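The data below hold one chain only, encoded as structure tokens and taken in the form predicted alone.
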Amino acid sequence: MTIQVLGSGCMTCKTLFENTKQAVAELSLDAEVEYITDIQKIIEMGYLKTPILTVNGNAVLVGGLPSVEEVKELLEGTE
């Protein structure tokens, strides 16, 4: 499973990254969470609003800041 957090590096994006890492650990998923802050790359991927959470290349969240529990629900639906 490939999980990415895309964002500008702001506090909301950083918090989503931390929440996602915690959710992955609590679910014991075999996945590494990548944090991408390269705005040009994010735009090239077709996103204009951050933060974005992707699983296997598909956006499961665009904008907003879900709790660890909400991230777990998003991840569980993509296994």
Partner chain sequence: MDLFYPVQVFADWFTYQLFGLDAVSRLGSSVNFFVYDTIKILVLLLLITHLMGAVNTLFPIEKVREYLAKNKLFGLEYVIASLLGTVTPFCSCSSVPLFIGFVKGGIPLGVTLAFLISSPLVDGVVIAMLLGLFGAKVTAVYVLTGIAISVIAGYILGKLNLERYLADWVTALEGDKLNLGTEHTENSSFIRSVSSEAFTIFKRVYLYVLVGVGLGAFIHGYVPTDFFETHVGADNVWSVPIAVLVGVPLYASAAGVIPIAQALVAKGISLGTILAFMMATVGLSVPEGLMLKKVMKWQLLVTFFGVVTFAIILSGYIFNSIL
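Numbering follows the first chain given and starts at 1. Computed from a prediction, not measured in an experiment: that's the story for all the values here.
We do not show the form predicted in complex with its partner chain, though everything after this point is about it.
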Report yes if any heavy atom of Gly64 sits within 4.5 Å of a heavy atom of its partner chain in the predicted complex; otherwise report no. yes
Any chance Glu44 has a heavy atom within 4.5 Å of its partner chain in the predicted complex? yes
Is Thr54 part of the interface with its partner chain in the predicted complex - any heavy atom within 4.5 Å? no
Could you tell me if Glu18 has a non-hydrogen atom within 4.5 Å of its partner chain in the predicted complex? no
Taking its partner chain in the predicted complex, which residues along 2-17 bring a heavy atom to within 4.5 Å of it? Ser8, Cys10, Thr12, Cys13
